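Next up: a single chain in structure tokens, the form predicted alone.
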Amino acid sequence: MVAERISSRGFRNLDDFELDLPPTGAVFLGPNAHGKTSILESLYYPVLYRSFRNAPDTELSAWNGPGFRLTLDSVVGGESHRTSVGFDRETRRKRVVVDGVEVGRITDAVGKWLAVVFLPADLALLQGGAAERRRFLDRMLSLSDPAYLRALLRYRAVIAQRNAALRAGDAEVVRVFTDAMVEPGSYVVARRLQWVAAWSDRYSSESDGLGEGQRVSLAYLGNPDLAEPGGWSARVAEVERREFRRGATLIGPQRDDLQIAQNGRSLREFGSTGQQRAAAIVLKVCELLTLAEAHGRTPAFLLDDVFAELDRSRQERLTARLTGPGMGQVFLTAPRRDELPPAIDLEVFRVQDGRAYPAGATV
């Protein structure tokens, strides 16, 4: 899976541009706030058709502009594809066209282009609340398993309706939505548990590769009984009275967490900033490898200022991993060349005042 060209019109603070992209990836160098991250955002947008910064589409449009258009030309499995997405600010309508055919539902286009992004804000995967880590699991599993995405959307819809019935004190309606939440909720819990069980040792191995001297592991913090439909009734009975008092569903995957620990001690509570940053990067590596195994093709890896706050040893080890087994096209950003490890060997694009252009050199 390789991005060959990205073109942008009216997107963020970027001038309109077309960039031919090298098959191995590229480095985008330039001052902060000049558009480097926005270029990565344009490459990621066709993955889920939304911003990786959770910004609404109206904020992605250039100031006072009519909207934006992004077009990505890619090669997947030896075949060329073109994905185009346009957003009209006035109507707030989004139009997605894949290989010349307009897509009726955006979810039908999800998974055609794959990329994984690391942002400095991803430290929240270690430092933030459980919702950050649930979002990580939900995004990764939705992109690797369409049935997970369908179950997750169904579960969220049912929970919203069940919570409304709890707030209204309508016991009969609550029972209806209790029955409805079991099947999709079980699937969500089961797939999360399966992923953690399959990837905990691999996560530890990837952490070792970045220089962590002690074992780092993953654990799913939730009730494993809920992975089976028959495990829900007893748990519902235990919390039902409290649910009516609180007006909220108190069991299910929306309350679970993913723990990242070193020698049994949570890195969220006891890890240094460097350890937490490395742990977040490893989560992203595991996300990329999960998607690669599920789809049989390696996503692009987009890394925004990833080497900051890593010591030289970790920088060198990460560089070796990014060019090692299982990796594909890699796109990096940095303010200056001297902030990158010397071993980085990718074509350079300069970014200045929203303009991106080849630097005519390699680093």
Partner chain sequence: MGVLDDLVTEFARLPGIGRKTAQRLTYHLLQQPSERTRALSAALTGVADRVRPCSTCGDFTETDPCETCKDPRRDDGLVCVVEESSAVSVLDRAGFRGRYVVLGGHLSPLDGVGPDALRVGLLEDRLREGTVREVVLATNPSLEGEATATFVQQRIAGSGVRVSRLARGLPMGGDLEFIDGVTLTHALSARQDVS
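Since we're looking at a predicted model, the values are computed, not measured. Residue numbers count along the first chain shown, from 1.
The same protein also has a form predicted in complex with the partner chain, omitted here; what follows describes it.
Test of understanding: in the predicted bound form, would V239 fall inside 4.5 Å of the partner chain by heavy atoms?
V239: no contact with the partner chain in the predicted bound form.
Given that the partner chain is not shown alongside this chain, does L137 nevertheless sit within 4.5 Å of it in the predicted bound form, heavy atom to heavy atom?
No, no contact at 4.5 Å.
Even though the partner chain is not shown here, does Q161 get within 4.5 Å of it in the predicted bound form, heavy atoms only?
Residue-level check for Q161: yes, a contact with the partner chain.
Please tell me whether any heavy atom belonging to E79 falls inside 4.5 Å of a heavy atom of the partner chain, as the geometry stands in the predicted bound form.
So E79 does not count as contacting the partner chain.
Tell me, out of R150, R202, R246, R95, which residue has a non-hydrogen atom within 4.5 angstroms of the partner chain in the predicted bound form.
None of the others qualify; the residue that does is R150.
Please identify the residue among V75, A197, V176, A131 with any heavy atom within 4.5 Å of the partner chain in the predicted bound form.
Only one listed residue qualifies here, and that residue is V176.
Check, residue by residue, if E269, A280 and K284 all come within 4.5 Å of the partner chain in the predicted bound form, counting heavy atoms only.
Judged in the predicted bound form, none of E269, A280 and K284 sits within 4.5 Å of the partner chain.
Just to confirm the contact call: exactly one of 215-223, 189-197, 164-172, 67-75 touches the partner chain in the predicted bound form at a 4.5 Å heavy atom cutoff, so which is it?
Checking each option against the 4.5 Å cut-off leaves 164-172.
Does any residue in 257-293 get within 4.5 Å of the partner chain in the predicted bound form, counting heavy atoms only, and if so which ones?
Residues within 4.5 Å: none.
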